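The form predicted on its own is given below as one chain in structure tokens.
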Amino acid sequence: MAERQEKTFKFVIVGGGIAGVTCVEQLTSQIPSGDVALITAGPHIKAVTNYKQVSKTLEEFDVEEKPSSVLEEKFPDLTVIHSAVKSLHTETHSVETADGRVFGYEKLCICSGGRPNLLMKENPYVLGIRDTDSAQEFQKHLCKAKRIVVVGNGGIALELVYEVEGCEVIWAVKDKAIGNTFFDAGAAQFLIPSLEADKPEVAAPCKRTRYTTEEPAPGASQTFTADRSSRGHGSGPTEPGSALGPDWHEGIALRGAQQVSRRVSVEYQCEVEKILTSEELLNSPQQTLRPESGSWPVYIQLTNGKTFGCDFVVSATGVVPNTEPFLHGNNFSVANDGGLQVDDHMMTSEPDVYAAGDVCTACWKHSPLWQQMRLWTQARQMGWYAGRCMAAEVLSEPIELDFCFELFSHITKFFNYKVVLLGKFNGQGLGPDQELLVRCTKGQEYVKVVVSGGRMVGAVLIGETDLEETFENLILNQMDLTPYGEELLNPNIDIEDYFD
């Protein structure tokens, strides 16, 4: 490499998302005159605001986009370099940016996040929503749209389907129930009425602790309409920025061109077979694909044999770790999901290179109650811990794996309900000996507890249950709950009194 190195920094962080910014903040607080550089492609960074420690492991915060100058004012020793990374040379400990500059590092932390796992690249009718620019692009398209198809079953799909008004939504999910990443079929059934209602209705408590869910027959679709006139339930027909904040749809008017307030049809257990233009559809050999009346700009064919015309397709099918510029010419160990493998000090397999957030895969032996999910909370925790580890290494201090990796915990909001997830909330990897206890009050709360070997190992709390701290303690203490049986969720018993 012939270029002259501009400067060598003690610490270089790549990526202005939550993980990168949190890492910078942590490093600069540990080593005040630390000589830190942040390399970020966009002019804005993601800042954690209104941070609240809710309990031992649960935390709540907002994510805000701010100009990077905010960081520079806060940390006078920080250098912000505005450019994408073109390549990394671990042997010479240097990073080349897209504008041709080369920076040396003593320690590097890669926090480049994930990029949308798009159904089809370079198709103007397929939009991925991942960052603020793509959300604004989506809004622009939506205001003229009469029907869109949303593909995916994670957090963004859930929020989108709930928030979009004035536009018909066809929602294609590959699972038997909505929201499969976050909860089971029972919780999905609890949330489904929100798609039909204009505002939450309060209903009488139901005290049943066992539940069954009726699944739609294979190939059938479920339609939910929130239109006061008719209530039909038939089967109706970029350059990467950093990820969106948890409340990304606040302040974006997600309104389509139609009068109906909300109409969502869910197509279960199907994936996308093909995406076609109207010309391709007309010329397609299969006569079964007759376009519906009126021509749509794009058609989507699903694996259940149905074809829908729509104004555009939203690809909300998760993210792929953004390792692109870093792998070439280096020897990183890469995990099966495409992330950079990191150990319990957030170190990759290359010397002096750390990684945090969506770009990395936690490859240490996990606590039995923790799993990695590419979420906001974990990006913040990993960035914070990576900063601690880098500082500890330079200061030659010992460091233990942070307590936040003891128990998986996440607070979010879906369909306007508070949602708390703890531990193995979906019975992940537990096998057949798990027992579920469920309490559901329609329109108000849904509480599910996962018990294994008489001990609580996970929970899903939807609504204002006020049980998160008690359940967190029960999971962390691994207390034997056999004596309590189903009484554990008896609504007439104040469970906190038991376990103070």
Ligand SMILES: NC(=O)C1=CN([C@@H]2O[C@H](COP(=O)(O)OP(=O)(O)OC[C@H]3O[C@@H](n4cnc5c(N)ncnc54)[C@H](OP(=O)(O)O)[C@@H]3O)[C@@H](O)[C@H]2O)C=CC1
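Residue indices: 1-based, along the sequence shown. Treat the numbers as computed from the prediction; the structure is a model and nothing was measured.
What comes next is about the form predicted together with the ligand, which does not appear here.
Contact annotation: Lys176 falls outside 4.5 Å of the ligand in the predicted bound form, judged by heavy atom distances.
For the chain shown alone, Arg374 is a contact residue for the ligand in the predicted bound form, at least one non-hydrogen atom being within 4.5 angstroms.
Using a 4.5 angstroms threshold between heavy atoms, Lys424 stays clear of the ligand in the predicted bound form. Within this chain, Lys107 is remote from the site of the ligand in the predicted bound form, having no heavy atom within 4.5 Å.
Stretch-level contact check against the ligand in the predicted bound form with heavy atoms at 4.5 Å: of 295-303, 315-323, 347-355, 186-194, the positive one is 315-323. The partner is absent here, but in the predicted bound form a heavy atom of Ile156, alone among Leu142, Ile156, Val420, Leu340, sits within 4.5 Å of the ligand. The listed set Leu119, Leu369, Ile275, Val80 contains one residue whose heavy atoms approach the ligand in the predicted bound form to within 4.5 Å, identified as Leu119. Contacts of stretch 410-427 with the ligand in the predicted bound form, defined by any heavy atom lying within 4.5 Å, are made by His410, Thr412, Phe414, listed in sequence order.
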